[in-house]
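Single chain ahead, by itself, as structure tokens, in the form predicted alone.
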């Protein structure tokens, strides 16, 4: 792909998300989401592989459906209330439809079935954009609306954490595991969204850092399934020593940074009198922990049987840029002591 075309597409991605962030009008927010979708389509299909084309087609159809439902609900709301403002009081029916349309865009369960198939057809760089940047605009809209039924978001969140953990148990493809991981992490954000938006913002920040570190690690190791991780120690021994900590942070284990949002979300749910919900969410996190530990075990404690041909690569210096991965890995592992400062910062 030409550098000029790539720069234009990346600029359009930024423009679409920024437009949705800044808009207080449903029509402008919808236009921003559409620019976002149309900008990533060429990036997804650039390999011209049948799986990539299939994933791009599925993604386009799902996003177009969600956008059509969103526009319909926004128009219905304007018809019923006489205004297009996002943050004004809205009719309960259109707001419920908008919530479900945004859940389809994000890939929240039970509207998640497109996520693993789309991720499986993409390369890791485009998958990283899809798992992080593309989630920001719909989440910003969810933060601005007030669903009339508080149980809808709790149900979507709990279902996402459960299916995100359960779906990844039997997978061997790393991209599908990361897709289910994304669904589970989004479930945690949606659980607390209506009670503490600042906590959701903190959870999104930690999620973006940990997911980006995981994707960049797999890209550097050139691994797409679990078995390929068994020979990654010959390519980058230091990276293999660091990766388990990044994965356990993604799982939310202390003393890594990923424990911070889960801890605060469980605390907030308990304060709101939702202790059973908090208990269920904590139990579903154990399902996700299993497949993170499975990847960790394969990467660090198993050895590929024919390793003689695999030993020379570690002597060769990599030409890939590793500074972003190094910074993200440090942020992913060591920021838990800064929890009070992070809470104060996002609460401003």
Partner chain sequence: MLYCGYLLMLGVVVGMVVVAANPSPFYAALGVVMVAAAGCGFIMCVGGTFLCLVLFLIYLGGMLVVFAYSAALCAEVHPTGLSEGSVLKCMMGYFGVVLGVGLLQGNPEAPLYWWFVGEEAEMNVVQGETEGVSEAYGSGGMCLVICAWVLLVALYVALEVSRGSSRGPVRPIK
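Fair warning: this is a prediction, and the values are worked out from it, not measured in the lab. Residue numbers count along the first chain shown, from 1.
Keep in mind the form predicted together with the partner chain is missing from the figure; the text below concerns it.
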{"item": "Contact check for 1, 11 and 28 against the partner chain in the predicted complex, heavy atom at 4.5 Å", "value": "yes"}
{"item": "Interface segment, criterion being heavy atoms within 4.5 Å of the partner chain in the predicted complex, picked from 63-71, 288-296, 49-57, 275-283", "value": "49-57"}
{"item": "Interface membership of residue 19, the partner chain in the predicted complex, 4.5 Å heavy atom rule", "value": "yes"}
{"item": "Residue 15 within 4.5 Å of the partner chain in the predicted complex, heavy atoms", "value": "yes"}
{"item": "Interface membership of residue 5, the partner chain in the predicted complex, 4.5 Å heavy atom rule", "value": "yes"}
